[in-house]
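In the block that follows, a single chain appears as structure tokens, in the form predicted alone.
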């Protein structure tokens, strides 16, 4: 055992001496990872405590799983869990499909200036906050002054709609808003992967008489599949986390829409604004993290069973 430890230590020191510049370059990232990803793990004990600010976290009494009752015994537990899962599932499926289609379309454009222009325009929404997007949407959906109710629907012979009181359109509105904001950003990732594909594959396909669609179907998409698997697994890992701005800002916090816009994050926020209980907030975060971790392991296991080379680990 001692010989093994000495061998490992000497091997590590030899590797450190050999690649010292690379270790030095990685040092800031490692420090940030430890500071912001590992050290906060000690805060998980808050989920099992009745925190009293005058006693501090460590001296506050333990309450077992009482804080988790906040989530599981509420009548809204099913609704917020359902909304969180289904919306994120839709975002993963439609988001990746839209990003892949956009990236392929941009890569096939011969006019590079126009391709860069479209890419920049589609990337722009990513930098807008949901507060700004919410007021842009309000300009379209406002009951009295919105463009849809005052200009478009009357010309189609339709009655104005009270968008912020009607639940049915909002699943579609939320999905479209998410696609509008993130498709350009995700397309850049796929576009970078397409750029890295060896052109000889396409030249060989052209010699064999393959059409453009056949090249996309038999070369581009199969070579993108490992990246798709990685991004889908990362998306599944955060499937219990909702985009707070999307679900809180875009519907303007309308109470009439809670059945279709309330997710775990917004529910916790609204509840804590009234109860101010940090233990319950930590319990919700703990629940989200554990479920995301289990889903990543399960998804990766399924992918590894189907194709080991495409598994994340």
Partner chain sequence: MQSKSRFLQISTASEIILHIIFGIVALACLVPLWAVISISLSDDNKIRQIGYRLWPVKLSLKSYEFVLAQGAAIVHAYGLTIFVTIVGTILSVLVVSMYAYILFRKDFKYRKFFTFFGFFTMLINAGLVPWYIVCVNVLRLKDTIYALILPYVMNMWYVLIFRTYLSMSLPDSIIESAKIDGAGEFTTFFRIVVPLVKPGLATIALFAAITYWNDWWLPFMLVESEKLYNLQYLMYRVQQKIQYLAEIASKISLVSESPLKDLPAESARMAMAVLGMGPIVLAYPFFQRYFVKGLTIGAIKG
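Numbering follows the first chain given and starts at 1. Take the two forms, find the largest set of C-alpha atoms that superpose within 1.5 Å, and that set is the rigid core. On a predicted model such as this, the values are computed, not experimentally measured, just so you know.
There is also a form predicted in complex with its partner chain; it is not shown, and the following applies to it.
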### Message
At 4.5 Å between heavy atoms, is residue 269 in contact with its partner chain in the predicted bound form?
### Response
yes
### Query
Taking heavy atoms only, is residue 303 within 4.5 angstroms of its partner chain in the predicted bound form?
no
### Query
Is the gap between residue 235 and its partner chain in the predicted bound form 4.5 Å or less for some heavy atom pair?
no
#### Entry: Heavy atom of residue 225 within 4.5 Å of its partner chain in the predicted bound form
no
### Task
Assess the spot marked by 34, 126 and 192: is its partner chain within 4.5 Å of a heavy atom from every one of these residues in the predicted bound form?
yes
### Summary
Checking 256, 55, 44, 275 against its partner chain in the predicted bound form, the residue with a non-hydrogen atom inside 4.5 angstroms turns out to be 44
### Interface residue in the predicted bound form among 77, 121, 158, 162, criterion: non-hydrogen atom within 4.5 angstroms of its partner chain
121
### Query
Which of these stretches, 203-211, 167-175, 86-94, 68-76, has heavy atoms within 4.5 Å of its partner chain in the predicted bound form?
203-211
### Task
At a 4.5 angstroms cut-off on non-hydrogen atoms, which residues of 131-158 are near its partner chain in the predicted bound form? List them in order.
131, 132, 135, 136, 138, 139, 140, 142, 145, 146, 147, 150, 151
### Message
Aligned on the rigid core, do the two forms place the Cα of residue 286 2 Å or more apart, comparing between the shown form and the other one?
### Response
yes
### Query
So with the core overlaid, does the Cα of residue 252 end up 2 Å or more away between the shown form and the other one?
no
### Message
residue 272: after superposing the rigid core, is there a C-alpha shift of 2 Å or more between the shown form and the other one?
### Response
no
### Task
Since the C-alpha distance between residue 33 and residue 228 changes by 3 Å or more in the predicted bound form, give its direction relative to the shown form: closer or farther.
farther
#### Entry: Distance trend in the predicted bound form - C-alpha atoms of residue 273 and residue 41, change of 3 Å or more
closer
